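Subsequent text provides structure tokens for two forms of one protein chain, presented individually as structure 1 and structure 2.
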Structure 1
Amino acid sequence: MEMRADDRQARLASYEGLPAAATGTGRDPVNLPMIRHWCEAMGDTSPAYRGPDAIAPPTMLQAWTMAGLSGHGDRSGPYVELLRLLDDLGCTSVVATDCEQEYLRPLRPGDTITFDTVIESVSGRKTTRLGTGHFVTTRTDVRADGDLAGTHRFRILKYAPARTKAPAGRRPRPVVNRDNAGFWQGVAEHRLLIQRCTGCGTPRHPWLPGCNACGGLGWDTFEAGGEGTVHSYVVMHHPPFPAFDPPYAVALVQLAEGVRMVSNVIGVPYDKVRIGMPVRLEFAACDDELTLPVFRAVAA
């Protein structure tokens, strides 16, 4: 579709403020089994999410609105039209980029969830490493028994894939921010630093600004000894990427200090990795700029 840049942006901007999804109702009321499953999966042991006065973890906000395996049957006509227009403009690929959540009141078992989603913004044409396209932000207002409980903003990039490829052998760079910079500095020094709450003493990984056990904001660090076991793993076959050579094993490693982290298991073929396998920490230099923690299988 041939369209002048000004006309294209005006057309895209015309969708801002239109509904992205029909008024929806959560498939289930807020309930303790879902809260328990979430906490078990996330390793969150906060007492606030258990017992007769339990609340739902705030980060579950979107979970109560999701359709599950039934898919996106609630998408509105304007949102479908917007995505089709972006496809026609050559932006045929999509990737989720980030989300923001604002919590206004706790959700409690028994709350009935309703929600409305609007197209909040469509950016001008942006060029990224993935390609050139437009960021589309939707805003979902989540209500509990009619009261606004929180807002969930979700942003995707609809883009035309760039023709250039990543340099062969160059691993993707980790995203370093103010919350995890200390971890990566430790890795560069061949030290695996674990965060520890100074209030309740609970260790945590990955690094977070607050404790998921007591909510405390104070923390210090200690160095992990390097012993661990494979808690779970997957074998990656697809997609291919120049810096990787599939198939290879990606493991969730249970450290002796009580936290888990995702890494590669080395020293054995990918099809010999097993749950419960003892492993030991090593630091692998991927290139002159990047060092990563990996785990070598220990002979039984």
Structure 2
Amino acid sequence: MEMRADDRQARLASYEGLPAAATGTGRDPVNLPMIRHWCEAMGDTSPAYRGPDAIAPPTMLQAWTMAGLSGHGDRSGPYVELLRLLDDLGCTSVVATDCEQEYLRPLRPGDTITFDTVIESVSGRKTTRLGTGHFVTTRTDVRADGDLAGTHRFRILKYAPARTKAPAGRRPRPVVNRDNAGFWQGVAEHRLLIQRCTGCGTPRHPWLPGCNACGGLGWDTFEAGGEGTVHSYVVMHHPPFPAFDPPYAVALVQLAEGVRMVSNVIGVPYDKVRIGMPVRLEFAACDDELTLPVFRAVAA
């Protein structure tokens, strides 16, 4: 549904303060079998929940109001409408985030449960780990035989699921142009070519049209021997990119010939990469079309 952001927020906020639905009635009065099933599931062996003076575990408060598999019948009302509106806005998933309960008096077998729920608030659009959506907070007064027995504040996030883990994509392609085509041609032939100024003899990397030392435009190349050391490195944790599996180390490798290049260090866990670590050039085939120079840690 297309809706301007402020229109959307105003429409969502218009539900604040409205009763969620007409007064509800618990499907069953408070009863020992449901209490026993609850205690069995929770592993709760407290004697307070057994015998002639049994009370219900206070944390069961919401359970007495649940519609269960057969539902509450027609529970249409503002809450159902609000959830439908959020569905229409793309927020089709739901997760409970908060539950605050206050217990005013114990519930005992035989108590008849009624409850009233008010929509307390609808948040602005929030981006969470799960996706982007709106928090909806309700407050329910639970009555036992007509007396207020507890209150129950409940918050859900209605959200549009974030795309789960990106498909394992291909490694990004290098941008090959006239200035660096020779470098990539060398890599394809498993030769790491270093550019060298024909004016002053200074080697340079990455490939550039001119010399940083003397400004000379003439150049030739020579092949690197493959020996190097880790000059510096970072470990990438976030964000994840397709074809990369964080965490991984990205190193600035100092080649024996005097230039430095950014690459990956392989053959060692990401957290064992160290400055000064000796490494040796290898060529890694990423897929059918792409080969990259990488550096393998050399056992000291």
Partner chain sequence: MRPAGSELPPLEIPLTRTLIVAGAIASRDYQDVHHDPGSARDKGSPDVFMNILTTNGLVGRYITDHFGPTAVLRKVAIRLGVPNYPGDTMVLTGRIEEVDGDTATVRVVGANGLGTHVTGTVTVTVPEEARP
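The model shown is predicted, which means the values in this text are computed figures rather than measured ones. Residue numbering: structure 1 sequence, from 1. Think of the rigid core as the biggest set of C-alphas that the two forms share within 1.5 Å after superposition.
- The form predicted on its own is structure 1, not structure 2.
- For G226, a C-alpha deviation below 2 angstroms is recorded between the two structures after rigid-core alignment.
- Put the two forms on the same core and the Cα of K126 is off by 2 Å or more between the two structures.
- After superposition on the rigid core, the Cα of V30 moves by 2 Å or more between the two structures.
- Once the core is aligned between the two structures, the alpha carbon position of I113 differs by 76.4 Å; this is the C-alpha shift at that site.
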